[in-house]
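The chain below stands alone, shown as structure tokens; this is the form predicted on its own.
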């Protein structure tokens, strides 16, 4: 891959200032103070919220505690989506800090998957990496890795170790020069105003006549409503890691540099021309 380590590092260390407050309906022995945390965009809520749980358990009785889950303005937050995707999808127009409500009862089974331990997050994460590599390399790279290599990817993410993660992830970002890119680009397009979880289809980084496909080319085929015609008012903002990449940006470059650790390019299409926000 093109070595642009500053971009990779900026993406990895993107943080969202967040305020966690306990749902007022929870039974507590004394008032629960809010808890503030800088959430890593590239991680998952269960991985980085142990401190949040410990903070609120101090004011609760054990018999009043069930599985912890999170909600923003009435929307349960899917733990298996990266944190940055959750923010861009639901709260990209909010004033920081991001206000998340913490629950310990009434788990919304119809909206969320249960997550009793981080081993569930690890299994989901590795499944996504394997799916991405099936698209990029017919699974050849991930299958050539040993179990300890898979563990290094997970531990790098879990412990927020950039160098540890990228020492192994770099292999997943390589391709033969003559190919001009991956076999297919692993991507997911999320829409705020849709019951469909996301759009995910096969899309090559290079056209049949060997031209590099761009972000605009992908959106034109997968979600043309996200694009604005000349003279039209901008109806949607297309966000990756909280920023709006130029539509002319080559898709292969985006996949190498702005994919999440699960190796997918997560693209959020949200209504309106929202003010520009940096992820850092």
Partner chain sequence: MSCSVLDEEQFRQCCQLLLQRSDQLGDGWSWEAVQGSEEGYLRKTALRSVPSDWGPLHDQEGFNFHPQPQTLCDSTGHEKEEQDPAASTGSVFLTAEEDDDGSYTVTNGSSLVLQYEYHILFSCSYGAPVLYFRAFTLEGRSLALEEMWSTIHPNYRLCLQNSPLNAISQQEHPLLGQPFFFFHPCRTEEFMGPVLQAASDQGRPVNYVLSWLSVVGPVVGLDVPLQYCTPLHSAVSLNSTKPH
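Computed from a predicted structure; not experimentally measured. Residue numbers count along the first chain shown, from 1.
Heads up, the form predicted together with its partner chain isn't pictured, but that's what we're talking about next.
> I'd like to check something about residue 198: if you look in the predicted bound form, is any of its heavy atoms closer than or equal to 4.5 Å to a heavy atom of its partner chain?
Residue 198: contacts its partner chain in the predicted bound form.
> So in the predicted bound form, does residue 135 come within 4.5 Å of its partner chain, heavy atom to heavy atom?
Yes, contact at 4.5 Å.
> Do residue 163 and its partner chain share at least one heavy atom pair within 4.5 Å in the predicted bound form?
Outside the cut-off, so no.
> Find out whether any non-hydrogen atom of residue 71 is located within 4.5 angstroms of its partner chain in the predicted bound form, and reply yes or no.
Result no; residue 71 lies far from its partner chain in the predicted bound form.
> Quick one: which of 105 to 113, 170 to 178, 153 to 161, 86 to 94 gets within 4.5 Å of its partner chain in the predicted bound form, going by heavy atoms?
The contacting stretch is 105 to 113.
> Among 117, 146, 140, 127, which has at least one heavy atom within 4.5 Å of its partner chain in the predicted bound form?
Contact check passes for 127.
> Taking its partner chain in the predicted bound form, which residues along 52 to 88 bring a heavy atom to within 4.5 Å of it?
Read in sequence order, the residues that approach its partner chain (within 4.5 Å, in the predicted bound form) are 78, 80, 81.
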